[in-house]
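One chain comes next, on its own, written as structure tokens: the form predicted alone.
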């Protein structure tokens, strides 16, 4: 049953959000329709709950944080070949898909456009999307199989991303047959009083719901149905900005199948105690990733008898999930985390407000919160120089310069 304008208005008053219709009459008809669609979909009880959550700080003092067990990929000895054979068999049987999270823009890199279209400065001038495609293509040739590619975009960059792939003839894929695009979810931004913001376009100001929204987005957009139809049983999920991501790794897949776990996460050794990365651990007996902003200095610097960091398994956003687990976790949202940001908006009197400091909350789910929903998972340690070359910052650490150097070294390019 469709909600009437009056019913929407009543609901907004009930939740103290009636200001959202202040500029309605000044909007053109198409935008009026779009605004009403937005207002119908908002879970106002959830928004109120998220607002209350911004008043609380995350407290791990009552939680038991322990190191997590891991396998070192290059210390598996005879098991390496066993896991590799199991994984290769599953890949050749078409049971693996690749999912790339590519909803971001390249703003921090000084790039106008989707981050996946960014050129990291190689002589080939191949953008991130093409570098990832090359890795998949190499595996397809090796295993004589088509590996479906599912790409999560955002409302902001979806059209531009698809246009980019069209211009490049989808890099050999067939759209809607072997390559699929789907959009991640969004949540309204709110001010410090819990009021939902209206953007400069007169519509609800929304922000992407974080990489933890991947499970819901895959299910909501029926991508998991598509995987089922294709016989997919496992999906590698990673970000678009890591040009060295080993998305088709038979040892990674083989260990998941052999050990009968729903997920495996890739780790690399933390460069130093202060490196700004989350690390794998156990929280109250469940798999968890503790963020660098959460971990105490004592735990961050703690070493074992061999001098290695006890909490040194960096989470690099390279994870493998069974399709069953993805479908299960896609039935409800993961916990949301708030971030305090600067946001331009239209106030209740119709004035444009351009803040000079953070003034609004956006809400994101983190993929690694899904680990706590699992009975168990396995962490597989790899090598930084083979697995992790992120391109996040314009200069310095994790920049085009460092990513380019790692990529060239790995591929023996001059």
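Keep in mind that what you see is a predicted model, and the values were worked out from it rather than measured. Positions refer to the first chain, counted from 1.
Note that the form predicted in complex with a small molecule isn't included here; everything after this is about it.
Please identify, from 104-112, 167-175, 320-328, 262-270, the stretch that has a heavy atom within 4.5 Å of the small molecule in the predicted complex.
Of the options given, it is 104-112.
Though the small molecule is not shown, can you say which of 404, 19, 392, 11 has a heavy atom within 4.5 Å of it in the predicted complex?
Filtering the options by heavy-atom distance leaves 392.
Looking at 223, 279, 240, 247, which is the one with a non-hydrogen atom within 4.5 Å of the small molecule in the predicted complex?
By the 4.5 Å criterion, the partner-contacting residue is 240.
Give a yes/no on whether residue 198 approaches the small molecule to within 4.5 Å in the predicted complex, heavy atoms considered.
Because no heavy atom of residue 198 falls inside 4.5 Å of the small molecule in the predicted complex, the answer is no.
Does residue 210 make contact with the small molecule in the predicted complex, using a 4.5 Å heavy atom cut-off?
Yes - in the predicted complex, heavy atoms of residue 210 and the small molecule come within 4.5 Å of each other.
With heavy atoms only and a cut-off of 4.5 Å, decide whether residue 386 touches the small molecule in the predicted complex.
It does not: once the small molecule is placed as it appears in the predicted complex, residue 386 has no heavy atom within 4.5 Å of it.
Taking heavy atoms and a 4.5 Å cut-off, does residue 218 contact the small molecule in the predicted complex?
Answer no; every heavy atom of residue 218 is more than 4.5 Å from the small molecule in the predicted complex.
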